[in-house]
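Presented as structure tokens, the chain that follows is alone, the form predicted alone.
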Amino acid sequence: METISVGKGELGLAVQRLLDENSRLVTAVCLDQEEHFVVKYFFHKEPDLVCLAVKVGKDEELPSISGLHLNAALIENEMKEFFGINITGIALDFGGRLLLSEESPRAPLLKKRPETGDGGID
């Protein structure tokens, strides 16, 4: 599998390039690296997978790719809800309440910040 690191500003162009090459979005994951997030979008491009990896500061915004590929909307909503990552411009934005209720903890998969204790994982 090829992994391509891209900046936030390059993400849209990289996604469009893969879609133009008939690649399919498979899934995406968010990794909490404590100081920042790494979001990985996986595309099937015959005969293999290609991973676009984007590093995002915890206080930064990540532009959604759902305008280019609508299926990304659900995945991005899940990442926003479970990690608290600020993904902007999601085509169908559930406002952080796709799967969790109002009574659920906010960003339950976010690792605790040592200085504040915020986050859902002990």
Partner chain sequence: MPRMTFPFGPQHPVLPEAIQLKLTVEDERVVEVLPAIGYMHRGIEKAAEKNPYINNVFLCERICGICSFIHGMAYCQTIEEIMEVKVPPRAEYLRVIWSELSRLHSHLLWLGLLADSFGFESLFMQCWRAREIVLDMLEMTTGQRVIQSTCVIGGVRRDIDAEQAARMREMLKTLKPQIDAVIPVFKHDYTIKSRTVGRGVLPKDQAWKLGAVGPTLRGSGGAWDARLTGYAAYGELGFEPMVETDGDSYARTQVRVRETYQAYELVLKALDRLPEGETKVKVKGFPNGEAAIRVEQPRGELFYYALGDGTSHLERLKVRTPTFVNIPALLTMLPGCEIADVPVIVLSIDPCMSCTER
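Since the model is a prediction, treat every value here as computed from it, not as a measurement. Numbering follows the first chain given and starts at 1.
The same protein also exists as the form predicted together with the partner chain; that form is not shown, yet it is the one meant from here on.
**Student:** Any chance all of Ala14, Val56 and Thr88 sit within 4.5 Å of the partner chain in the predicted complex, going by non-hydrogen atoms?
**Tutor:** No, because Ala14, Val56 and Thr88 lack any heavy atom that approaches the partner chain to within 4.5 Å in the predicted complex.
**Student:** Spell out, yes or no, whether the shortest heavy atom distance between Ile75 and the partner chain in the predicted complex is within 4.5 Å.
**Tutor:** Because a heavy atom of Ile75 falls inside 4.5 Å of the partner chain in the predicted complex, the answer is yes.
**Student:** Give a yes or no for Asp48: in the predicted complex, does one of its heavy atoms lie within 4.5 Å of a heavy atom belonging to the partner chain?
**Tutor:** Close contact exists here: in the predicted complex, Asp48 approaches the partner chain to within 4.5 Å, heavy atoms only.
**Student:** With the partner left out here, check for me: in the predicted complex, does some heavy atom of Cys30 sit within 4.5 Å of the partner chain?
**Tutor:** Because a heavy atom of Cys30 falls inside 4.5 Å of the partner chain in the predicted complex, the answer is yes.
**Student:** Is it the case that His44, even though its partner is missing from this view, gets within 4.5 Å of the partner chain in the predicted complex, heavy atoms only?
**Tutor:** Yes, His44 is a contact residue.
**Student:** Taking the partner chain in the predicted complex, which residues of 62 to 84 have any heavy atom within 4.5 Å of it?
**Tutor:** Heavy-atom contacts to the partner chain in the predicted complex: His69, Leu70, Asn71, Leu74, Ile75, Glu78, Phe82, Phe83.
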